[in-house]
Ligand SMILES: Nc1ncnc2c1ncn2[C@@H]1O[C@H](COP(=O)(O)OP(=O)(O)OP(=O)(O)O)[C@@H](O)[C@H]1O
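Only one chain is given next, in structure tokens, and it is the form predicted alone.
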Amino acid sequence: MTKSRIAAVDVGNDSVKAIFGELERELNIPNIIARDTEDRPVIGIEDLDSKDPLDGIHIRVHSPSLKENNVIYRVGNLATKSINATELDPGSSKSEEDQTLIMLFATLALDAVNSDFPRNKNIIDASYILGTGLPLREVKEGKDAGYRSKLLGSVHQVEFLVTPKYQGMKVNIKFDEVKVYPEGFAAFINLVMDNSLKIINKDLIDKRILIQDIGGLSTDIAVIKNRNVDDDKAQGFNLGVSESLEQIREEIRKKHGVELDSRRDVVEIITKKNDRNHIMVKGSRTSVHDITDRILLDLAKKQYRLLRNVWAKNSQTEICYFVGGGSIILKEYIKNINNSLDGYNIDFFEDEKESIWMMANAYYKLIKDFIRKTEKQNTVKDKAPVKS
């Protein structure tokens, strides 16, 4: 029997972050896809064997779980160059979108081609134990069960077409187990446990805390007390940063005539270390501060309103942690609003990578904990005396 490999995958609205095996591999792929044809033209002197596969993901995806099956896609960096590239729309449910599954399968296939799975010529049979998550709103609506069932019990195939190094390879993916966690709860686990599942933040364990996770399409506010997420009081909102990023992109296009490929380009302009909030217009460095400040301040005010409303219903809260990619973009705006208004005890992660990878790290810890407990139960069963 094929030994299953651990996969912890955060299908974020901006990008997919994934951790595999015993922490030996990480992948980060922009969450952008574009439908394509079989014969992707190879430009100029492009050498498929010397290029990075992540820059040329060109696949056909077959799965009974997809609404549109057997379709060819450009994925990630390659898709950003397509005029028909799609990113997840505000208001959509992550658990119900084909794009979520396509990104998940593509990421796993990219790991599988470099792993020790059985091979028969160009076909790889890959088996995974998956830890992943969904926004709190979708979990509260019970959509996690449907998402999990889409993955279990079927074989999902990714065929690499015009992809550097992997052209012609096919990966059959099956799941031995899938655990779907609410994103807010996952953030709490990441705050208090290390990768060996030991408690690293004893101060937080018995505190009453909020965790406001600002994503691309949604915001989750987890309410933690007595070491558990209060499911009744935790809330998910259809408010993320994607709509604001699109607005910035559109206003830059109208005002400066500059076409940015994707929301990720907007994020880079907002967060880069040098020349932040500047773009090149006809070769000249040009500020877009007026556009970004107005739109992001408006979004920060809405996020602050969410915090204020949830805190009012949980008045004994001691601290709120802001996490997720959206919190990096809005950090300074939210801090300034808080300093001039209520002065809540709030905190952000100064390490941007830690904030961006928080969910994937949390899913890794949770799936490792699940495996450890399962193995322990099986050991106890094996040692149990046999009744005559």
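Computed from a prediction, not measured in an experiment: that's the story for all the values here. Rigid core (definition): largest C-alpha set, two forms, superposition within 1.5 Å. Residues carry their position along the shown sequence, with the first being 1.
Here the subject shifts to the form predicted in complex with this ligand, a form of this protein not shown in this document.
Scanning 222, 186, 214, 158 against this ligand in the model of the complex with a 4.5 Å heavy atom cut-off leaves one residue, 214.
For the residues 362, 61, 334, 356, the 4.5 Å heavy atom test against this ligand in the model of the complex is passed only by 356. Of the heavy atoms in residue 267, some are within 4.5 Å of this ligand in the model of the complex. This ligand is not shown here, and in the model of the complex it never comes within 4.5 Å of any heavy atom of residue 74. Heavy atoms of residue 218 reach within 4.5 Å of this ligand in the model of the complex, making it an interface residue.
Interface membership of residue 242, defined by any non-hydrogen atom within 4.5 Å of this ligand in the model of the complex, is confirmed. The stretch that touches this ligand in the model of the complex, counting heavy atoms within 4.5 Å, is 317 to 325, out of 64 to 72, 317 to 325, 340 to 348, 51 to 59.
Relative to the superposed rigid core, the position of the CA of residue 268 differs between the shown form and the other one by 2 Å or more.
Superposition on the rigid core between the shown form and the other one places the CA atom of residue 151 less than 2 Å from its counterpart.
Superposition on the rigid core between the shown form and the other one places the CA atom of residue 60 less than 2 Å from its counterpart.
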